[in-house]
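For reference, the chain that follows is the form predicted alone, supplied as C-alpha cells.
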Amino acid sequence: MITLTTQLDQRGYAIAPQILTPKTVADFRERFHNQAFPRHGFRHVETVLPELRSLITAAPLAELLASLFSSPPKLIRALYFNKTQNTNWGVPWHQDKTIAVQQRIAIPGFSAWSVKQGVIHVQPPTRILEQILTLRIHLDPTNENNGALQAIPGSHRHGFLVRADIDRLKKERSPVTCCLNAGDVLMMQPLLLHSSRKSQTERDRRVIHLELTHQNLPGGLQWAMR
C-alpha cells in the first residue's frame, strides 16, 4: 500500500478520506452560513473562526499531520472558498508561489512582493515552498461538475514553471480530477500544477484551505499569521 507521504512525494497530492465527521462538517457549514462575509470566499478565516487552530491539533487531523511532519506544524494561512453557479469562476493552470508575511525585508531569493487585502505577500525560494503543506478540507461532495481541483501528477518536482513548461507538461501528462466527499481532505504541495473549472451545478462547493509548515523564515521575516 502506497503511504500518503509517498503519494505526496511522487504525485504532489494525496487524499485522506473522512477526516472530518458528519457533525463537524455540519457545524462548519452552519458557521460559514451565519458569517457576514462574501458568499464566494474569505481570506484570514482564522480571525472569525478561531477554532480552525484547534482543528489541526485535535484528532483525527492531528494524527494525520503527525504522520507527515517531523514536528507539530503551525498554521500560516487560512482561506475559504465557495463555488456555485452564482459565485462562479474558473482557475487556470498555476502553482501557488507566494507566502504571506508581516513585513517586507530585502532577502536574496525573495521576490515579486505584493499586497493583498492589506497583507504583504512574497515569492520565496522553492526550498521554502517545499516545506509547506496545503490542506483542502471539503465540506461538500466535489467532482468534475462543480469545479473540482485538477492536478498534473509529479509537476511539483520541476520547481517554478514558466508558461512554456506548463504547456509542455499539459501535453505530456494527463490531468487528474480530484473528486472528494464531504469530510475528505485533499493534501497538496504548493508547487503542484493545478486548476479548476467553473461549476455547472447550483449546489455549494465549500472548501477550507489551510497552509501549514514547521519551518521559520530566514533574515527576520515572520509569517503573517501570528
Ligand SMILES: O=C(O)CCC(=O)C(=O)O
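What you see is a predicted model; the values in this text were computed from it and never measured. Counting begins at 1, following the sequence as shown.
Below: the form predicted together with this ligand, not depicted.
For the marked spot (Arg136, Leu149 and His209), a heavy atom within 4.5 Å of this ligand in the model of the complex is present in each of the three residues.
At least one heavy atom of Arg205 is located within 4.5 Å of this ligand in the model of the complex. Using a 4.5 Å cutoff between non-hydrogen atoms, Trp113 does not count as a contact of this ligand in the model of the complex. Under a 4.5 angstroms non-hydrogen atom cutoff, this ligand in the model of the complex lacks His156 among its neighbouring residues. Although the partner is absent here, Val91 lies within 4.5 Å of this ligand in the model of the complex, judged by heavy atoms. Heavy atoms within 4.5 Å of this ligand in the model of the complex belong, among the stretches 157-165, 192-200, 24-32, 63-71, to residues of 192-200.
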